[in-house]
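Given next, in structure tokens, is a single chain: the form predicted on its own.
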């Protein structure tokens, strides 16, 4: 692939989108052309443009999709399904960061495949996606994700508000949620996005189990995955340092997006 042959547009100029943008003009500058950015907050998009070495065009969502060969969604689960739908209709490849927005809309992935649109879903802040993908070639009996986060990493979650769980009153290790990945994504749309990717890679969000634990003593976002099936038992543990800009986001989530983007530009890939 030639220099700067991949024309990239980023939708969402928050923590993740901004760091991907900087990587496009840094680590990936010889392979990627960051052509456009977009955000529902125009001031945030303009601020990112000014912060970059070479300012990309600030476009509306539909214009960005039309003018870029790869669209990176880094906005929110509220619009990720809509973005993918528009990319499929326009024949544009897409990388989805807010994977939770695809749960319940898995038909979009089928439509993308039929139309020849490539959909890239980074592993995010989680190790173990490769294991569940491999295990899914055989029988999988169960997939369980246990996520441990400090209280500030769960602040504002709808599930906590609905169940009147006051994070300030938690003094020790507390299980705040147990259920399916589908339920977890609805209750914690900004906190357990990894469970959506895990569900899509394996036995589905309805069958993937999630346990969410918090404690004031936690300083890292920890994800433990257990897969049991014909393959035997697989167990992984990832201890992530929360992003300084946003404690709900792990640094590894950003790195996985940059790594995926780099992989798209390569002819040789490992573990995919």
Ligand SMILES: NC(=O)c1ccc[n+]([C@@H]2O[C@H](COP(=O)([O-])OP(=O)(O)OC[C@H]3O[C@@H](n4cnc5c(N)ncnc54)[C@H](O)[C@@H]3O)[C@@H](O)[C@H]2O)c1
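Model, not experiment: these values are computed from the prediction. Positions refer to the first chain, counted from 1.
FYI, the form predicted together with the named molecule isn't displayed, but the following is about it.
Next on the checklist: Please identify, from 160-168, 174-182, 94-102, 110-118, the stretch that has a heavy atom within 4.5 Å of the named molecule in the predicted complex.
Outcome noted: Contact-bearing stretch, as computed: 94-102.
Next on the checklist: Check residue 147 for me: does it contact the named molecule in the predicted complex (non-hydrogen atoms, 4.5 angstroms)?
Outcome noted: Answer no; every heavy atom of residue 147 is more than 4.5 Å from the named molecule in the predicted complex.
Checklist entry - Might residue 16 be said to contact the named molecule in the predicted complex, defining contact as any heavy atom within 4.5 Å? => result Result yes; residue 16 sits at the interface with the named molecule in the predicted complex.
Next on the checklist: Within 4.5 Å, heavy atoms only: does residue 9 come near the named molecule in the predicted complex?
Outcome noted: No, residue 9 is distant from the partner.
Checklist entry - Hey, in the predicted complex, is residue 131 touching the named molecule, heavy atoms inside 4.5 Å? => result Heavy-atom contact with the named molecule at 4.5 Å: absent for residue 131.
Next on the checklist: Exactly one residue in 71, 74, 88, 200 has a non-hydrogen atom within 4.5 Å of the named molecule in the predicted complex; which is it?
Outcome noted: Answer to the contact question: 74.
Next on the checklist: Can you work out which of 135, 84, 125, 154 has a heavy atom no more than 4.5 Å from the named molecule in the predicted complex?
Outcome noted: By the 4.5 Å heavy-atom cutoff, the listed residue in contact is 125.
Checklist entry - For 235-250: residues with a non-hydrogen atom within 4.5 angstroms of the named molecule in the predicted complex? => result Heavy-atom contacts within 4.5 Å come from 246, 249.
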